[in-house]
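Before any questions on how it binds or moves, here is one chain, the form predicted alone, in structure tokens.
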């Protein structure tokens, strides 16, 4: 396989990785909560699109939009039920709360779907760019990822509630003194993070098979990307996702695929040691 085929494949998948990481880093940056249910929520996005396509006959991209809307509401409910009471507690409490949500989702999903692999049997064909054939679904996913990133930036910097989120992220106590409803804003932030994770899962489902346990892999990648791009920076998450995707794409050209996770975590440790603020740093 040509080197450029590996490169382009990794680049396009990297856009989707960026959206997945964006959900994690938004919650982490605004709420200082490490969301261990992130992978399970990505899986819910996969199965949401699968059910919309296979059971309801909806177009997968319409399914992704519906999954995003459902993810926003689901995230706000999860925050109200599991996170709200421990938001000011030590980090271990929020870790345990989100881990409990993760296990509940996986447990119910395993009981209902089993661990058999599913796939969304959908294709838009391919286009030829020189010697490389590119799947159109991946091109669409990359374009959709850019659109989602732009929409999130517009929301955070040009709307009232987006400015409220940035204010709460910078100084929650001061924001409350200014009359900003921090409880609602934190719930909204968790909902947005969940929405982004669900959208990423839905896009992944259009070109990879998956099981109820697939989200864990993408959760780990999201942590690596979050540190790489800078916690709390959506654009940093997208750039970090693209870089990790390229890294994953080209590594099999030089070595065995089984070595890729080793190099990924080596990169993760190196960033923590030499540039813990990430490439772009936190964006407040």
Partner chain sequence: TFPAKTHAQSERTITIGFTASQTGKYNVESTRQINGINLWIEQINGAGGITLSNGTVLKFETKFYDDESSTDRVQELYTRLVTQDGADFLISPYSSGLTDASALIAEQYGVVMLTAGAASDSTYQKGFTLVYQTYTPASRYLTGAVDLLAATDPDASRIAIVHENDKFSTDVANALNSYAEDLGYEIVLFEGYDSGTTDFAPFINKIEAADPDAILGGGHFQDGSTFARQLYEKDAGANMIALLVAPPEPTFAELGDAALGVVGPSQWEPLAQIDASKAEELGIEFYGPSSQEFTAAYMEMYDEEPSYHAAGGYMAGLLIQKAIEDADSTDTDDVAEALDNLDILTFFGRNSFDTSDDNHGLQVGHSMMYVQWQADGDELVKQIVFPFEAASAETVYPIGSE
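Keep in mind that what you see is a predicted model, and the values were worked out from it rather than measured. Numbering follows the first chain given and starts at 1.
The following text describes the form predicted in complex with the partner chain, which does not appear among the structures shown.
Candidate spot 120, 252 and 261, all three in 4.5 Å heavy atom range of the partner chain in the model of the complex? All three within 4.5 Å in the model of the complex.
What stretch, of 128-136, 188-196, 68-76, 144-152, brings heavy atoms to within 4.5 Å of the partner chain in the model of the complex? It is 128-136 that comes within 4.5 Å of the partner.
Please check if residue 140 has a heavy atom lying within 4.5 Å of any heavy atom of the partner chain in the model of the complex. Residue 140: no, not in contact with the partner chain in the model of the complex.
Partner contact for residue 17 in the model of the complex: the partner chain, 4.5 angstroms, heavy atom: Contact with the partner chain, yes.
Should residue 61 be classed as touching the partner chain in the model of the complex when contacts are defined as heavy atoms within 4.5 Å? No - in the model of the complex, heavy atoms of residue 61 and the partner chain never come within 4.5 Å of each other.
Can you work out whether residue 47 and the partner chain are in contact in the model of the complex, taking contact to mean some heavy atom pair no more than 4.5 Å apart? Flag for residue 47 set to no.
For the stretch 87-118, return the residues whose heavy atoms include at least one within 4.5 Å of the partner chain in the model of the complex, in the order they occur. Going through 87-118 in order - heavy atoms within 4.5 Å of the partner chain in the model of the complex - the hits are 110, 114, 115, 116, 117, 118.
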